[in-house]
Structure formats: structure tokens, C-alpha cells
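To begin, one chain is listed below as C-alpha cells, in the form predicted alone.
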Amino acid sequence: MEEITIHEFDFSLINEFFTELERQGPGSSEETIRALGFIGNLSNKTKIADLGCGTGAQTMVLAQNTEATITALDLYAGSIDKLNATARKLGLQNRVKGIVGSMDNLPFQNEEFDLIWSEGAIANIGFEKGLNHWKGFLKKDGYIAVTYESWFTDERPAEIEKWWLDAVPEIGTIGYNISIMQKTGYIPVAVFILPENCWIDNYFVPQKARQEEFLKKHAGNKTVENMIEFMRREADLYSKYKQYYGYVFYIGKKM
């Protein structure tokens, strides 16, 4: 199992598992609001793109704490269906629209958005590639806000280093990632580490009941068994090595 990464599991199975959870990655409403506080000039004319939005937990927080119009994009139609249903339920459907699409082939106009948001998703196309590609869709003086897996230290135990290099080959330290932001044409505005509760309370704990339910539903399916084993190992490794890595919010302004 140590040699397997999450990317090797069936895409539809991963999405079937996570669509029933509020969050598809570490985060919290409080940290989304905290990051939003660093963004200037928000108004009812603001246009936001939320890329790799999943089922939209952070999308709804953005909508409830701004007057902006939000386009949320994800590759998985099931997540977008759930996001749009939640927007209707909350009476936000006039300002929030979910669409199916790919983060590395965006269906938008040049300089269409005031703010591009992405929590826990940019690693799927690469930090530097994502920042470079998305910049073209930001207006002059527009902002970007992403969470990304990062090392807290220059050195770390081999076990956790191998795990993360397999999962996110270009993972770097916070200082290195800030330099990438600058290199790709952004002025760093704020950088902060997501607290442990974003991982434990909002990501790992909710998975436990879902894992048991999923194993029963797919009884005898070896791929599902391996996927759940992978998830449990991810939680164990975080408990053991959380002082060395985590998600970091990077907020920048287009130069």
C-alpha cells in the first residue's frame, strides 16, 4: 500500500465516496472567511471563480460572506449537481452557478474574474502550472487564493517525504511556494497554515463512518478495500508527522 497513491484509484469510486461528505479535503468555514478578509474591493460587481470546487462547501461560504457572483467548476458532474442543489436550497442560485469542467482547460474569457479561489485542488494540475494558467483569467489587480500541501521544515523523515513526493511530486516549503507565486506574476498578500482541526475534525473524522458504509456497499471489491486502507494510512501518517506538513493558504494579487 505504501507504493500506491490516491491518483491510482478509480476516479468514479473516489468521487462516489467523497460526494457524500461535506468536504473533499482539509479546510473550514472559519479559514475560508479568514482568507477572504485579505481580498480587497469586494462588491456586488465582483466575479469569483471557484476551481476544483467539489460539492461546494467553501463556495457557499464565499457566497454567504460576499455579494459576488460565483462560478464554481469541477470535473465531476455528481459534485456539481450537489453544489447547485445546495445553492438552490440556500437561495443562492442567482449568484452561484456550478459547471462541469477542467481546471487546466478553463471555459472562461481572458481577464473575466476579480478573484480566483481554489481549496485543496491546485495540486491536481501543479502549483506553478495552475498559477500561471489561471493568471490570464484574472483582471488587472485581481486576486488569487489557494490552499496547497506544503512542507513546514526543510528536512523531514523519509517515510512521510516519500508519501508526499508520490502524491504531490512538486511539493515544496512555504518559502519556496511564495517564490513561485512571485515568479508567476503575483504579489504575495498573505500566507497562513490551516490549523489541525481542518484535517482532523473536518476531513478525517467524517470519513470514518463513510468508510464502513462504503466497504459494506462494495463488499468484496478489492479496489475499494485498498482505497479505504490508503485513506486510513493517510490519517495515521498525519497523526504521526503533522509537525512537518499541512495545507497552507496562499493569497496573491496579480502584478
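Residue numbers here begin at 1 and follow the sequence given. Keep in mind it's a predicted model, so treat the numbers as computed, not measured.
Below: the form predicted together with S-adenosylmethionine, not depicted.
Interface membership of S102, defined by any non-hydrogen atom within 4.5 Å of S-adenosylmethionine in the model of the complex, is confirmed. Residue contact with S-adenosylmethionine in the model of the complex: A35 places no heavy atom within 4.5 Å of it. Contact annotation: G120 falls within 4.5 Å of S-adenosylmethionine in the model of the complex, judged by heavy atom distances. Put simply, L75 is close to S-adenosylmethionine in the model of the complex: some heavy atom of it is within 4.5 Å. A heavy atom within 4.5 Å of S-adenosylmethionine in the model of the complex is found for exactly one of I174, I180, I125, I171: I125. The stretch among 160-168, 137-145, 94-102, 181-189 whose residues place heavy atoms within 4.5 Å of S-adenosylmethionine in the model of the complex is 94-102. Although S-adenosylmethionine is not shown here, in the model of the complex the stretch 35-54 places heavy atoms of G52, C53, G54 within 4.5 Å of it, in sequence order.
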